[in-house]
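Only one chain is given next, in structure tokens, and it is the form predicted on its own.
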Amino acid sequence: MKKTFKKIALFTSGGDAPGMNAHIRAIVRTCIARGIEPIGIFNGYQGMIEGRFVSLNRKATVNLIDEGGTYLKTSRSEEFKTPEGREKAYQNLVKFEIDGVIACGGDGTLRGANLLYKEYGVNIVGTPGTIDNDLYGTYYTIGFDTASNTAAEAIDRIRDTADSHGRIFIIEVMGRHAGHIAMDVGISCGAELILVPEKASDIADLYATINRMGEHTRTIIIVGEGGQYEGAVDLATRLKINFNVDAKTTVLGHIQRGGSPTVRDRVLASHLGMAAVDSLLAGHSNVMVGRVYHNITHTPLPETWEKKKKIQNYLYQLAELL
């Protein structure tokens, strides 16, 4: 059932992701085109608690589309995890006469959106803003493509040094408990081994693969964070202790979250921004607006974290073959 909205609030929460600014821009401009006043909430749920609400216009979004980070800033709010904090947040939504809310972020953000809906009946939709690509209900999340390309560029540079010196390099990429970045960059950068949290690996088998490569041969090992090994340094230490293997380590870290978003992320973020506004107007609530094969999808918020987004089997096969 279609609804009438005068004000729609939007915010970003949790970790920043390249493309969030393109997303904000699209939401603001879609609201204006639909005759709705867009309201930005600065600093995520904490800003909602503190009443950091600002009316936005087209001028506020000029030159945002190619910028990394988030214009609305972001934070992780411990206060919002309490019933008292959520009560303050809701009262501010009432005070500023907000009819609907768009929450952009990862699973923590969507869990918070689900609570606002369950406890106060807030008209709210979530959008997938996280480099980890770990939310069920969308083929890609905003920021994943950029983070993967940033990691790939860094790994290509490391591979040059590994080739020159015939060294083993263990490179740790982000992804929290999901191996989507690790798998994609490992395949695209010609890694000999790709370790993802979704699949356990025996260290003796890893050594056997390294040993087959031969001494003084370049070997690239990609490790996704959040797996059985506590990152690149832990794996290198175990290989040294157990097999006297020397390996160089690199932790790419937060460089993967910054920088100008790729074309794919800009288009995805813009599409989901427009769709989020139109989804609220169409009567959707407590869902994540995603995209699967270019079609907009609406997934109940709890399903986005309760259902596991798997790495496709063909990627495991491809990684092993290549």
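Throughout, we count residues from 1 along the sequence that is shown. Predicted, not measured: the structure shown is a model, and the values here were computed from it.
A second form of this protein, the form predicted together with 6-O-phosphono-beta-D-fructofuranose, is not displayed here; the remarks below concern that form.
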One residue of T130, S148, T127, T109 in contact with 6-O-phosphono-beta-D-fructofuranose, assessed in the predicted bound form (non-hydrogen atom, 4.5 angstroms): T130
Listed residue (R264, R29, R291, R257) with a non-hydrogen atom within 4.5 angstroms of 6-O-phosphono-beta-D-fructofuranose in the predicted bound form: R257
Partner contact for G224 in the predicted bound form: 6-O-phosphono-beta-D-fructofuranose, 4.5 angstroms, heavy atom: no
Close approach of G175 to 6-O-phosphono-beta-D-fructofuranose in the predicted bound form, 4.5 Å, heavy atom: yes
Partner contact for R76 in the predicted bound form: 6-O-phosphono-beta-D-fructofuranose, 4.5 angstroms, heavy atom: yes
Candidate stretches 130 to 138, 188 to 196, 238 to 246, 111 to 119, one within 4.5 Å of 6-O-phosphono-beta-D-fructofuranose in the predicted bound form by heavy atom: 130 to 138
